[in-house]
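Okay, here we've got a single chain as structure tokens, the form predicted alone, with questions on binding and movement later.
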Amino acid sequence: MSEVGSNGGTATQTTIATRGGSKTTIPEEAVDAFDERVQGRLLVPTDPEFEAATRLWNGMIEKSPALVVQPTGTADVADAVNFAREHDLELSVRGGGHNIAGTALADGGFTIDMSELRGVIVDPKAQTVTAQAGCLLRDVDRETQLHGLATPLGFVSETGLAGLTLGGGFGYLTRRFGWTVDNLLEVEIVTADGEVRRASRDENEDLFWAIRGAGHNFGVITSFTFRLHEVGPMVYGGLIAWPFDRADEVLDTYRELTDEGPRELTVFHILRRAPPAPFVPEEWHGKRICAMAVCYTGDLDDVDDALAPIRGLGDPVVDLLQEQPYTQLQSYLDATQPKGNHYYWKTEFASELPDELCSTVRELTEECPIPGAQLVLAHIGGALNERDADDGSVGNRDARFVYGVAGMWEPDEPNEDDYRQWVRDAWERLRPFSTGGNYVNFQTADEGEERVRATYGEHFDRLQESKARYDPENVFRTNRNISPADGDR
């Protein structure tokens, strides 16, 4: 391994992984020349900042790059891409580090860590926001909510903006305004040739189509510009839960909500064991519950009508529904996904919630041996279903729900192998209800090309053609990879 130091340090040589999976050695003078060229820091494992730059949300991922660069601007990104391509390096791009598969790090390779790029500019008159690629969701929401505006992002504020967006993106506002990429207006991107390009519906349209759902494969996005909508700053929502023995009744109500509720109302249905949290009565700790995560962004004078089916269930174990700032609701679930725990999820898209799917979810909840696991039904149907099937590579316009098993446990869990197998087995029982598509951002590291193909369906061949045009050497491969049209590289 190298002796490279941060800007101005010395080096002997750097042993680093190549795109082909072998090792190569980069001479001291080449690394030093790159270090002098970039304004950001160049880190190796002996640097004190290295651990923070390579720590991921999913503690199950054990990867360590040989070199990490932290760009301070687009010029640094272009230099880094050129350096990786010229030396045939295994390259990855780290935004928020929140991807479950750990694609942010190139094990033994070269990682571009975008965390220093956190600028956000809101144009309230035009109702747009431009955000740099190192932003977390909370960075964007904080700035846009100063003006009572928002764009559809995720539902955990620690998630990276770039990763969420490039895989399509969904959250509490998706029912009203579509996938996150349905609201993307323009990006600045450094492609594999080191060129800086703008992509929008009017410029490099084919690239813009591809990055809206499969963007990890086409370059390093340095900034995103989104359309904003009037939301908040006060909304209504939170968590509410009932005893698990009322599961059938609660699921029936949930189906009623998803069939008839206004688009301003988004509800995620969660079946799990109650956590030992202060807001849960102690006698319910560890017991199975049926919960709903609720977000209502409509006129607050109408909230009682919108939530009437939920209130009609009565006698909740926990009721935290209240009027609150949108930014608070956007971080409401953060504590349920602490950084460093081990996460293993298997999910699908569904167009409906038939009786058999609901009964299977209930049965799996009863059988689940994992204390921190969740069986989830997330309602996303609405605006995304009304766009053309080929409006962005994200596709999956028939999806109205995301559903599946979200496994979570402590890093030292002795039953980890058994838990992973249980999640896989549960997933096999849930797959028959799928649309055939799936959400690329929720794919685990052990899901291969078959799942990637299923994600994009009829768009996969077109994506391979775009890949051959913009990244023929498959420089950007540490992701849910789409190989160039002429085969593996």
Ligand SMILES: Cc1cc2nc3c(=O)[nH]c(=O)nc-3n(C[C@H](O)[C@H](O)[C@H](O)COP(=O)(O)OP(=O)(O)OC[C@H]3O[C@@H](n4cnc5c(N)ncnc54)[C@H](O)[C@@H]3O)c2cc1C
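We number the residues from 1 along the sequence you see. Here the structure is a predicted model, which means the values were calculated and not measured.
In what follows, reference is made to the form predicted in complex with the named molecule, a form of this protein that is not presented.
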**Fill in**
Students should find that, of Gly261, Gly238, Gly154, Gly392, the residue having a non-hydrogen atom no more than 4.5 angstroms from the named molecule in the predicted complex is Gly154
**Complete:** The one option of Ala131, Ala150, Leu265, Met114 with any heavy atom within 4.5 Å of the named molecule in the predicted complex is Met114
**Request:** Decide whether Tyr439 counts as a contact residue for the named molecule in the predicted complex under a heavy atom distance cut-off of 4.5 Å.
**Result:** yes
**Prompt:** Any chance Thr478 has a heavy atom within 4.5 Å of the named molecule in the predicted complex?
**Reply:** yes
**Request:** Determine whether any heavy atom of Thr144 comes within 4.5 Å of a heavy atom of the named molecule in the predicted complex, and answer yes or no.
**Result:** no
**Prompt:** Should Phe83 be counted as a contact of the named molecule in the predicted complex, where contact means heavy atoms within 4.5 Å?
**Reply:** no
**Prompt:** Which among 154 to 162, 121 to 129, 196 to 204, 251 to 259 is in contact with the named molecule in the predicted complex, heavy atoms within 4.5 angstroms?
**Reply:** 154 to 162
**Asked** Mind checking whether each of Asn99, Leu166 and Gly219 has a heavy atom within 4.5 Å of the named molecule in the predicted complex?
**Response** yes
